[in-house]
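The chain below stands alone and is given as structure tokens, in the form predicted alone.
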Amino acid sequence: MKNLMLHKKKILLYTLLTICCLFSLLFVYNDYNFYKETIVKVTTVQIVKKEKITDYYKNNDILYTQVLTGKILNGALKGKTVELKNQYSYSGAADNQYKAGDKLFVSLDNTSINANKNDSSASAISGTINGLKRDTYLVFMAVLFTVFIIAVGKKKGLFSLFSLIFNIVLFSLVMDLYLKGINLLLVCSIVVIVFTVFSLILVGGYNQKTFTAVISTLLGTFLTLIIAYIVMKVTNEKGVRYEEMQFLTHPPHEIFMAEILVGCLGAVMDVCITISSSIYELCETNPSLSSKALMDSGREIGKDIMGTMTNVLFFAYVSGGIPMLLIYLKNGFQTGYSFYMNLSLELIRALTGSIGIVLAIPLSLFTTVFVQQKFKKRSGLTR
């Protein structure tokens, strides 16, 4: 009877989620009237010009001119035909190619609107393209992610999703507080504690395993930050290229330290919850395992995940610098100089995060085994 009730609840939950996902997709596909900007659906595309161009550094590119015809989907001119001109390059770095079916935000030309009002035989309304309407694709990706995470993780997947949404909201609040003049590193330090406690409790539940993961995550993250701070102070930050932050009106050092703190958290949390879960799983399977056996097993697990996690961190950070690196190399800068200018911050972030991963292994191991053995002694399970 109990299983039947649980089964019914699951079916109800999945049905509600499916309805929510379908409704979200249907809504964003037809939400034109909720926008103040004019939205145009492209019906036909014609390329009217194609020319080869060469820039100052002798880089070759091709410039296309296309004429788009579309229909207005909202506002007082709904249903009217619009003609738009768009230029895009083959490289597509700062422009976009549009195709039939795309929905665009457009600023309409008032002169052509007035001409159409006075003369029904006038040519189509013209305007300027402001950008592509992407909300349908974004919601589709969000729905896809929701389906995958719940299908694979079931209840834990759903809680992971809630945790992610909460962290995104909290992170946006941090940005607001920073813009109001509050010290970013201080706010991030507080938020990191909230992130850790909330995320791990939501995913792992309120239990001893989560408690040890929280303790070791916070120890590992803040210890890594202290090490990074000391090293940067001792070296006087030589070799750290802050050029990409030059547009900010605040000292880049504080922002960079906050970046290290938040970036390190994810990797350290992952390692700590993995070690903690593994140790508790071993204890449940074989409660008679000694502390030494648990430490040895935990150490082997740590060695296995250490290499992959540091590589993940390295590639995640370095991949962000690839576009600028390619631009430097393509424009004739020396390889060493290009790497130095574009990857110095990324490499420091990756290296610091890797230190956090390595530190997290013994910290989580000792914390978990210590707490677990204390619990066994209290329960009288230790031989």
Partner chain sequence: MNVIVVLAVILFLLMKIIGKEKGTKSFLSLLINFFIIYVAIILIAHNVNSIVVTILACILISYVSLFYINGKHPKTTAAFLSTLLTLVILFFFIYIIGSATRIQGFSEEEFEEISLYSLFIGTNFTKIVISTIIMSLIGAIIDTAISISSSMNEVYLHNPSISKRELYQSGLNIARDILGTTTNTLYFAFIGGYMALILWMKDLHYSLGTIINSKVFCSEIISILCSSLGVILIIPITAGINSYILLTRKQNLEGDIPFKLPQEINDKLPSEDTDKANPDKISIL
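Numbering follows the first chain given and starts at 1. All values derive from a computational prediction rather than experimental measurement.
There is another form of this protein, the form predicted in complex with the partner chain, and it is not shown here; the text below is about that form.
Asks: Taking 4.5 Å between heavy atoms as the contact cutoff, choose which of Cys188, Leu225, Leu84, Leu108 touches the partner chain in the predicted complex.
Replies: For this set of options, the contacting one is Cys188.
Asks: Just one of Asn74, Ser163, Ser126, Gln208 has a heavy atom within 4.5 angstroms of the partner chain in the predicted complex, so which one?
Replies: If I apply the 4.5 Å criterion carefully, the residue I get is Ser163.
Asks: Is Phe314 close enough to the partner chain in the predicted complex to count, meaning some heavy atom within 4.5 Å?
Replies: Yes.
Asks: In the predicted complex, does His253 come within 4.5 Å of the partner chain, counting heavy atoms only?
Replies: The answer is no: His253 has no heavy atom within 4.5 Å of the partner chain.
Asks: Does any heavy atom of Thr285 come within 4.5 Å of a heavy atom of the partner chain in the predicted complex?
Replies: Contact with the partner chain, yes.
Asks: Answer for Glu51 alone: is it within 4.5 Å of the partner chain in the predicted complex, judged on heavy atom distances?
Replies: Contact with the partner chain, no.
Asks: Within 125-162, which residues have a heavy atom closer than or equal to 4.5 Å from the partner chain in the predicted complex?
Replies: Leu132, Lys133, Arg134, Asp135, Tyr137, Leu138, Phe140, Met141, Ala142, Leu144, Phe145, Phe148, Ile149, Val152, Gly153, Lys154, Lys156, Gly157, Ser160, in sequence order.
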